[in-house]
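Take a look at this one chain, the form predicted on its own, written out in structure tokens.
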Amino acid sequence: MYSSQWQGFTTDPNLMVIPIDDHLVHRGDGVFDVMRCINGKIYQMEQHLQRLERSAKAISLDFPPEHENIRELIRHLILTVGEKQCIIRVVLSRGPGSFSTNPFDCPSSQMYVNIIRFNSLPEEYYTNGVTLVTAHIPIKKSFFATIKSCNYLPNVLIKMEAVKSNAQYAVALDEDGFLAEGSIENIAVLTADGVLRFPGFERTLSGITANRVFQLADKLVKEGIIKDVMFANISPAEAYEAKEMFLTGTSLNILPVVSYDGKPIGQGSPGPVYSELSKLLWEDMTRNRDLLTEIV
């Protein structure tokens, strides 16, 4: 972990602490982003850092001076811990200063960076698929939904609903009853007419992986494997009749959904479009030099 508050690095979990009066802790006043290092190379690092900057700007959160060296800080941390397969979490906070809601009580913003050993999901999630249910937790209003802030209470409750429903994942609906997003996952649906649809990012967080999968899917359109790919509203009824469904995210890549609200999706097993997209994404994650930042 690196802390701008302490101006140093540590590999001792007991020292990975944040001041209790940091507004990040008691108000969720901060933003963050998460990226993945694969075989010593960070995938889409610049895209993640750009989203972090957009989120900070949206809540008028100034960057601490250390942010100018964020790339070198991340590199140093990864080399220090010696993990070629890891998750990098960068958090910008309003900083310590008081226990009020007044952001101007904080003399300066702070930055915390963690390197976390990557632990993949169970292999059966990818080979057999996962179950999904509809969450009844209201999603964030569009202004907040498009910011990757540290206030994740709705996301926590969405995940709680999945666990209580004995499902692996849950997806929330927007105010008009269309599919929005999961607790930390974007969703995509291959409709009965062969169109791959993603919910628009007006009411959900713009997923870095989701955007890349959207771009890669154009290859499947050109090859005639799918009819089209687009951002569009998706009703639960359309999802129930879908040929395939997917979840996407930085730490999970692409996951096939084989059951939604107890109804089988397609044949009830991972489909051919999932297989094609998974191959395209993994090749992109490991071979696309334009999107890989070499660390080790």
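Numbering starts at 1 and runs along the sequence shown. Fair warning: this is a prediction, and the values are worked out from it, not measured in the lab.
There is also a form predicted together with another copy of the chain; it is not shown, and the following applies to it.
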ask   = Which of 212-220, 86-94, 73-81, 191-199 has heavy atoms within 4.5 Å of another copy of the chain in the predicted bound form?
value = 86-94
Every residue of 32, 104 and 155 near another copy of the chain in the predicted bound form, heavy atom within 4.5 Å = yes
task = Give a yes or no for residue 128: in the predicted bound form, does one of its heavy atoms lie within 4.5 Å of a heavy atom belonging to another copy of the chain?
result = no
inquiry  = Since only the chain is shown here, I'm wondering whether residue 146 would be in contact with another copy of the chain in the predicted bound form (any heavy atom pair within 4.5 Å).
reply    = no
ask   = Are any of the heavy atoms in residue 203 no more than 4.5 Å from a heavy atom of another copy of the chain in the predicted bound form?
value = no
message = residue 184 versus another copy of the chain, in the predicted bound form: is there a non-hydrogen atom within 4.5 Å?
response = yes
task = Answer with one of 67, 243, 48, 27: the residue that has a non-hydrogen atom within 4.5 Å of another copy of the chain in the predicted bound form.
result = 27
task = Scan 1-27 and note down the residues that get a heavy atom within 4.5 Å of another copy of the chain in the predicted bound form; none is a fine answer too.
result = 1, 16, 17, 18, 19, 20, 24, 25, 26, 27
